[in-house]
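Below you'll find only one chain, the form predicted alone, shown as structure tokens.
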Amino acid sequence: MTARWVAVAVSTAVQRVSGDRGGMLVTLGFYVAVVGTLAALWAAAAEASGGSVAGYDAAALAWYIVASEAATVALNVRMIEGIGDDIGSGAIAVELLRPAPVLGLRMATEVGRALPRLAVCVAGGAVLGVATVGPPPSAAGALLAVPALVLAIACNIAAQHAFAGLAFWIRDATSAWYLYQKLVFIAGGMLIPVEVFPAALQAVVKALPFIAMSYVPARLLSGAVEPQLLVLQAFWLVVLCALAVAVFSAGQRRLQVVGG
């Protein structure tokens, strides 16, 4: 029964977002503008550094940005804040009265919303990348990047629900949203390849779950053929889902105790 509810939530969200052509065009336009700007900046940095930055040449950096931005632009940027508002307003408490699993349905809905945006971003990024720097450096890496992008948004959604669950205690998830975004931007490798960091900082960043949300698909699409990175993403997805469940379960118990 739970699997059926989840499937319905995903398919319904996919249909709604796909039908919003205006919203999809806005997403695509924003994505192309960001990718074009960042790719140009990294190309200039590579040229100034003798042709490459931390082992990435201009073409690899362009494809890196195509994937890293697709994995994040496809998502609701203020998801944590929105979930926190629902917790603070009591909307979550009402949803908890339903027989369906609230957390599972919410996460499934967000995945469904993200998938059409991800498809549009990938298509736009592919056209932009081929037109400016040629095909991806590795066909095998590009194939691996496809499931990596889906796993990236799933990890991101699970982590955002875990962070947003703090609103059961602090009532305002704005600070959690602000911190989370910065962690994904930097520690997640969205803006900067992890290899740019000093060795000691690289070790720390690679031990955190944020690399599963942007760096992994970007690394693969930039030419690296490292299938073990998909295993890493799967590991973090399990951990982050378990964490989100634990946070929401504890939050639900708190609501029952205080009568929220």
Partner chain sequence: MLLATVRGAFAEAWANRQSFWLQVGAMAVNDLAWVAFWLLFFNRVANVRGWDVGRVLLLFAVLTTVAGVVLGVFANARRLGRLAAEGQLDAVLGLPVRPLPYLLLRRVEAANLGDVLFGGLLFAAAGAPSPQRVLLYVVGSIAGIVLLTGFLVTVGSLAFFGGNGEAGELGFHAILLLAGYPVDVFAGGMKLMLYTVLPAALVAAVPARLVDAFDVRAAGLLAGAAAIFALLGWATFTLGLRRYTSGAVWTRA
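Positions refer to the first chain, counted from 1. Here the structure is a predicted model, which means the values were calculated and not measured.
Absent from the display: the form predicted together with its partner chain. The rest refers to it.
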* Asked: in the predicted complex, which of the listed residues (191, 232, 224, 59) lies with a heavy atom within 4.5 Å of its partner chain?
  -> 191
* Structure fact -> Among 186, 102, 139, 123, just one has a heavy atom within 4.5 Å of its partner chain in the predicted complex, namely 186
* Structure fact -> Testing 108-116, 126-134, 177-185, 153-161 against its partner chain in the predicted complex with a 4.5 Å heavy atom criterion leaves exactly one stretch, namely 177-185
* Even though its partner chain is not shown here, does residue 54 get within 4.5 Å of it in the predicted complex, heavy atoms only? -> yes
* Decide whether residue 208 counts as a contact residue for its partner chain in the predicted complex under a heavy atom distance cut-off of 4.5 Å. => no
* its partner chain contact at residue 204 in the predicted complex, heavy atom, 4.5 Å -> no
* Though only this chain appears here, would residue 48 touch its partner chain in the predicted complex if you measure heavy atom gaps against 4.5 Å? -> yes
* Is any part of 132-165 within 4.5 angstroms of its partner chain in the predicted complex by a non-hydrogen atom, and which residues would that be? -> none
